[in-house]
Each structure stands twice: as C-alpha cells, then as structure tokens.
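Let's start with one chain on its own, the form predicted on its own, as structure tokens.
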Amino acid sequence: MIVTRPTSMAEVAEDLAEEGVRPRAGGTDLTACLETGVIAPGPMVDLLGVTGLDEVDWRTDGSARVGAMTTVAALGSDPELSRAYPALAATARALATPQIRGRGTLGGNLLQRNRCAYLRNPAFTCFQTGGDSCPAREGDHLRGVVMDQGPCVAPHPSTLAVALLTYDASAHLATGPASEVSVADLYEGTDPTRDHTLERGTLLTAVSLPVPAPGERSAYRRATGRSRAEWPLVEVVVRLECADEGRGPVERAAVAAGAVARTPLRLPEVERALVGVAPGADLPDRVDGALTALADRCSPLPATGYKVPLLQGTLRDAIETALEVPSR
C-alpha cells in the first residue's frame, strides 16, 4: 500500500487530488476498517508530519482554533483548553481508553465510521457497502437509534461532536468547496450511505470554538454496558452559561445527546427549560416536563425502547451534576 508523508498543506492537497487517495490521521478507526473490509486497501496520505495541524491557536478575543490532528488526550489534558472549554475537556477525558486517546485525533473522532456489526462484517451488505437495505433494522439493533432519522439505524459514534455541538463550534475545511461549516453540518441523518457530509478529497483541518463563557457550568455523562472501554448506549453533554460567573441563574443552556440517532443532536426543549434555573436548587417542574417530553421525540426500534428512559435518566444526572443539585 502506497503511503505518502507530506509536510505541508500544499503537498496534502496535491496528494488528495489523485483518484482514490485517503487521508490518514491517528489511524485507530482506519486500521479497523481496513481489517474488516469496510475500506478497500489503497493509497494513503499520512497527516502526522503536516505542520500546524496539531496546534491550538488562541486568538486575541480568547477564542481558540484547534488543529484536527490534536489528539484526544491533548484535548483533555491541556490546562488552557480545560479552563476555557470544560465541557469539551471533560468529554475528551471520558471517551475510549488511554491508548486510543493518545493516538486518536480530533478530526478522526469527528469523521469516524459507525460501529454497526453488519457494516463491519464482510458477510453482509448494507447501504454503506453498496447494498440496498439496512440489515440491522430487521436484525440485531440493540445498540441502534432511538430517534429514527432515516434508512440507516446505526448511531454516529463521535463523542467529541456531542460536546462541540454545545459550543456551536465550526469546522475548517481544505480542498473542498466550502472553507468553514458548522460542526452540526458535518452530519446528515437521512443519507444512509455515509456517516458524514464531506466529499472525498475534502480535508477537515481544524475546529473553531467561541469566546469562552466566564460562567460556564458543564457535565458529560455516558451510560455503558460495562465500566471500561465500551461504546456508550447513551451519552449527553450539558453546558450552562450562568450569571455572576457561574453562581447565578442559567442565562443560556446547550444540551446535546449522542448514540441515540444517526447524528449527534441538540435538545432545544431541554435547553429552554433550563434557562433561569439557579445552581444548587432542586430542578423546577418545567425541567421534569422537558425530560418527560423527550419520549415524544423518540421513535424507538423494537429493541431500542430501553434507550428512552436511559436518555432521560442520563440527562437528569448530567443536569444535576452541572447545577450541583443536592443528592436526594
């Protein structure tokens, strides 16, 4: 297999212009996809040596641009990022294993393939491997979606995308038609043939985060089938901007969920209910009502109904943690 190792974006663009060439970041998911036949062997562009792709650029207004080759471990351990964007840092520290966090990258996490067993088993075909059906829909879909967006029922696996949605972050692209899109626009749930919207040859180079909020309170929670090295059944990020540098009522809320739909999702009904809630107090009835109403947004498959109360309970736990609600 041919692997080129460019050191500049100009060289990357030249290499990606060749037919069938794929970029390689940390390689944690790419290697698995090659081993299972999800991706056919072909020429690769190794991005590890490209200058600037693993750097954090702090702007004069306090906002940050984070290179796509920044490792997940660096996102979780960088003290400046942790102070400015605690929800992102906490999420990064919680995902996968230390080995994966040390190798996996921001860009790779955002653009990885889904973990459906049918996709990764060469004995089956599905929409993503040239077939015309989703075998998981009628087969084993215990880890599938609970909010049904389209023909494919495999949730998107990016944990970092869930956190970045709560920051309204944007992705910087190279060698494609657009130079910047929102992270939300990297995903589109109705197309069953792909896990993200980027065209072949388009490279995600960085993610931009907004000016940090001085009163941010946040929490990341995931529900898994075992305690370690497990993909989440449900995961949520709650990010609250509170008055009086975090001591006063919630002025703006951002809540997102993963592992429940083909795309990471914001939950605006919960966000609205959280505005005005004071830290340290019991949650008002309107928050309980918003959590209960999430069931109306769900359209579970025969085997994913359990995710409805799991989403509600995981989200409540995250909200109470972020607001430091006293234990009952």
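Start at 1 and count along the sequence shown; that's the residue number. Just so it is clear, the structure is predicted and the values come from calculations on it, not from any experiment.
Note that the form predicted in complex with a small molecule isn't included here; everything after this is about it.
None of 243 to 251, 79 to 87, 182 to 190, 203 to 211 except one has non-hydrogen atoms within 4.5 angstroms of the small molecule in the predicted bound form; the exception is 203 to 211. In the predicted bound form, Asp29 approaches the small molecule with a heavy atom inside 4.5 Å. Residue contact check for Asp168: none of its heavy atoms lie within 4.5 Å of the small molecule in the predicted bound form. Proximity of Gly150 to the small molecule in the predicted bound form falls outside the 4.5 Å heavy atom cutoff. Among residues of the shown chain, Arg22 is one whose heavy atoms approach the small molecule to within 4.5 Å in the predicted bound form. Residues Ala257, Pro268 and Gln312 are none of them found to lie within 4.5 Å of the small molecule in the predicted bound form, as judged by heavy atom distances.
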